[in-house]
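Single chain ahead, written as structure tokens, the form predicted on its own.
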Amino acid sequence: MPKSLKQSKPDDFFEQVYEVTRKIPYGRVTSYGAIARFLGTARSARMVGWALNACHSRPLHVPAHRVVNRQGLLTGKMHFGTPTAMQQLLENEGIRVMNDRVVNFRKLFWDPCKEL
């Protein structure tokens, strides 16, 4: 785990989620579970989703559109301004989406446990 995350308060889980999410590279995606595993809370994927649902009013941008479920599905799309906003944001980064699923999900998957 990066030094900056180790220094975070243990009760500040949402901020830790935002910090990891900001590190997802442009044109890549990760999953709620991958973020949870990275933070040492493997069974808290749902809480990662709750954190990302609450991030839209944060002063610093959190690219929540880059986080999908473990199968590449856009399960969080209803938390964006319109039903197609999440897909549009991903497509703006060159990520193809078909039937609410990231095409080539495994190839585009960014695992913070391996890459940070």
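From 1 onward, residues are counted along the sequence shown. Given the structure is predicted, the values throughout are model-derived calculations rather than measurements.
What comes next is about the form predicted in complex with the DNA, which is not displayed.
Engineer: Is Arg43 one of the residues lying within 4.5 Å of the DNA in the predicted complex, judged by heavy atom distances?
Structural biologist: Although the DNA is absent here, Arg43 would touch it in the predicted complex, with heavy atoms inside 4.5 Å.
Engineer: Using the partner position in the predicted complex, report whether Cys55 sits within 4.5 Å of the DNA, counting heavy atoms only.
Structural biologist: It does: once the DNA is placed as it appears in the predicted complex, Cys55 has a heavy atom within 4.5 Å of it.
Engineer: Please tell me whether any heavy atom belonging to Met47 falls inside 4.5 Å of a heavy atom of the DNA, as the geometry stands in the predicted complex.
Structural biologist: Met47: yes, in contact with the DNA in the predicted complex.
Engineer: Is Arg101 one of the residues lying within 4.5 Å of the DNA in the predicted complex, judged by heavy atom distances?
Structural biologist: Yes, Arg101 lies within 4.5 Å of the DNA in the predicted complex.
Engineer: Only counting heavy atoms and a 4.5 Å limit, does any residue of 69 to 101 reach the DNA in the predicted complex, and if so which ones?
Structural biologist: Going through 69 to 101 in order - heavy atoms within 4.5 Å of the DNA in the predicted complex - the hits are Asn69, Arg70, Thr75, Gly76, His79, Phe80, Arg101.
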